[in-house]
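Following this are structure 1 and structure 2, which are two forms of one protein chain, each written alone as structure tokens.
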Structure 1
Amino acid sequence: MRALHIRLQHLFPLGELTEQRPDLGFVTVPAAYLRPTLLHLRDREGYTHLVLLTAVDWLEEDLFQLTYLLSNRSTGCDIGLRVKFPRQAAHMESIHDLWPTAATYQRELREMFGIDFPGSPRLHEEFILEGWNDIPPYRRDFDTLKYARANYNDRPGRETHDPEQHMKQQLYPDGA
């Protein structure tokens, strides 16, 4: 993993390697170098299997992170490429021509995170959510609980008591 990282660093301006396990590392790649890095890994280093492509919302840092996880079956190693970009400029180059299956991931990311991948096939077709009328739901600022309260009903007759408050009330009714 380290050797690979050193080889890659000669070619691309990569960030530090986070070695999670001996066979799994994560590295940050500038958005502009994503495609050449992916191509290099796929064609020269044997990382031919795109395991997954997903996003992480770092709301506090105002960043989106895309994780491209690639696997090399012959060495049994995985490398995750992290690409970070501001939440306002939520778009990324599409890689559906490198791995056709990436189009599905990108479609889901557009729907769930609102990240745009210009040129990706059928990107704007609804994937899971039909008739969704709120902000993309997997963004951190989407509040599931609030949405559920506004759109669904709780079963009537449910109420709970906080043990501490209840005890205070029972034992010291006049707030001693």
Structure 2
Amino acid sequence: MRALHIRLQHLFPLGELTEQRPDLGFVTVPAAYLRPTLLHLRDREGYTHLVLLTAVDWLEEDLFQLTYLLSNRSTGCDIGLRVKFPRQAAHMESIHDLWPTAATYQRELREMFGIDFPGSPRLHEEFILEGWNDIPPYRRDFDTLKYARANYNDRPGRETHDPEQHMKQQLYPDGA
């Protein structure tokens, strides 16, 4: 994994390598270098399989992070490329032309996080949340409790526990 990172650093301005295991590492890539890095990994390094594309909402930093996980099946190694960008500019270049399966991930991320991927097929068709008219539910500023109270009735006999206190009582019933 380190040898791959060194080769890539000679070509692209990448962040440090974080190795999770000898066969899995993550590196941060500036958004402008995402596509060339993906193409290089696919065409020159054998990372031909897009395993997944996922997002994280770093609300406190006012950023979104996309992670593109690629696999080299012949070596059994995976590499994740992380790209951070401002929440206000919630769009990223589509890669459906590189891996057609990316279109499905991109549809989900647009619907659940509000991240746009211009040019991606069927991006603005309802996908998971039919009839949804609130902010995307995976954004950290989405108030799940407020939404539930506004849209669902309380069921009689149902108890709600403060998670922190409930877990303390479950783990330490004697108050230790």
Partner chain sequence: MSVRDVLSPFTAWKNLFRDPVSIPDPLNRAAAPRYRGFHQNDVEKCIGCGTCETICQNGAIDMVPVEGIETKSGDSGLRPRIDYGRCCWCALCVDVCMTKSLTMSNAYTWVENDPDLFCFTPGVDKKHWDNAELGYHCPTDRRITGQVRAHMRELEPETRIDSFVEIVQGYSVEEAILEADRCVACGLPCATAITSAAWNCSTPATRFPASAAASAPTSARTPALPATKATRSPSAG
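Along the sequence of structure 1, residues get numbers from 1 upward. The term rigid core refers to the maximal set of C-alpha atoms that superpose within 1.5 Å between the two forms. Everything quoted here is computed from the prediction, not taken from an experiment.
- Working note: structure 1 is the copy from the form predicted in complex with its partner chain; the remaining copy is not.
- When the rigid core is held fixed, the Cα atom of M167 travels 2 angstroms or more between structures 1 and 2.
- For G157, the Cα shift between structures 1 and 2 is 4.4 Å when the rigid core is held fixed in the overlay.
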